[in-house]
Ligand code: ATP
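Let's start with one chain on its own, the form predicted on its own, as structure tokens.
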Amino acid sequence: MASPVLPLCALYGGTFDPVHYGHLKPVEALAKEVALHQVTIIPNNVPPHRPQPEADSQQRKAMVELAIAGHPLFKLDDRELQRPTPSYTVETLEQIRREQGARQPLAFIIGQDSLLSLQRWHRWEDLLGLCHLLVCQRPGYPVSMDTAEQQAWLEAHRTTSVEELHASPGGKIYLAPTPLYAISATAIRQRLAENLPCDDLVPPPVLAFIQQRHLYR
């Protein structure tokens, strides 16, 4: 008897300081592109590669919850917010792989900017042994890697087959033609600090939360 086919599980990490449409809309398009039924958002507590978030972990968790309420595509996993130590993606993936089992197709969603800097990540070479990488386009970033060696690595693992993502536990890189949204959390924080409108950048419940708590002022 054939083993049951397991659905591809997708994970999406970040600081989400604050969560905004530039996070959500490309992932919604990606989900349609590769037939994802659910995307698990994993806010990190202590990002090792970037400045510490301005909003605290519970505020960022609350903003994600508000942003995804009523959107069945998304769910929240707050495991990294429970850790006082740096949130290394590879360690979170190892934990989830142990929970889900060796056969479960897993994917981690990143932006094009993260793909280009991936080889600076902690134990980056172990990532594809744990999952696929689904890469969303980002405005202003090149489509090729910095060196010939890195480009060869990308081409060796790249796939254009959605079926392949669903059929194997990990090991592939899929460059998704997602829409480009020139929105950044840094720019949103700057606009908020200057009392400029952000209605078209941030979901209304998130913006209300920010205003009620006087965040990013």
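Bear in mind the structure is a predicted one, so any value in this text is a computation, not a measurement. Throughout, we count residues from 1 along the sequence that is shown.
The same protein also exists as the form predicted in complex with the named molecule; that form is not shown, yet it is the one meant from here on.
Shown alone here, Gly13 lies within 4.5 Å of the named molecule in the model of the complex, counting heavy atoms only.
Interface residue remark: Gly170 is not counted as part of the site for the named molecule in the model of the complex, having no heavy atom within 4.5 Å.
In the model of the complex, the named molecule sits within 4.5 Å of a heavy atom of Asp113.
Contact annotation for Val162: none of its heavy atoms lies within 4.5 Å of the named molecule in the model of the complex.
Stretch-level contact check against the named molecule in the model of the complex with heavy atoms at 4.5 Å: of 125-133, 104-112, 88-96, 71-79, the positive one is 104-112. Of the candidates Thr186, Gln58, Gln151, Gln38, Thr186 is the one whose heavy atoms come within 4.5 Å of the named molecule in the model of the complex; the others do not. Looking at 115-150, the residues that come within 4.5 Å of the named molecule in the model of the complex, counting any heavy atom, are Cys136, Gln137, Arg138.
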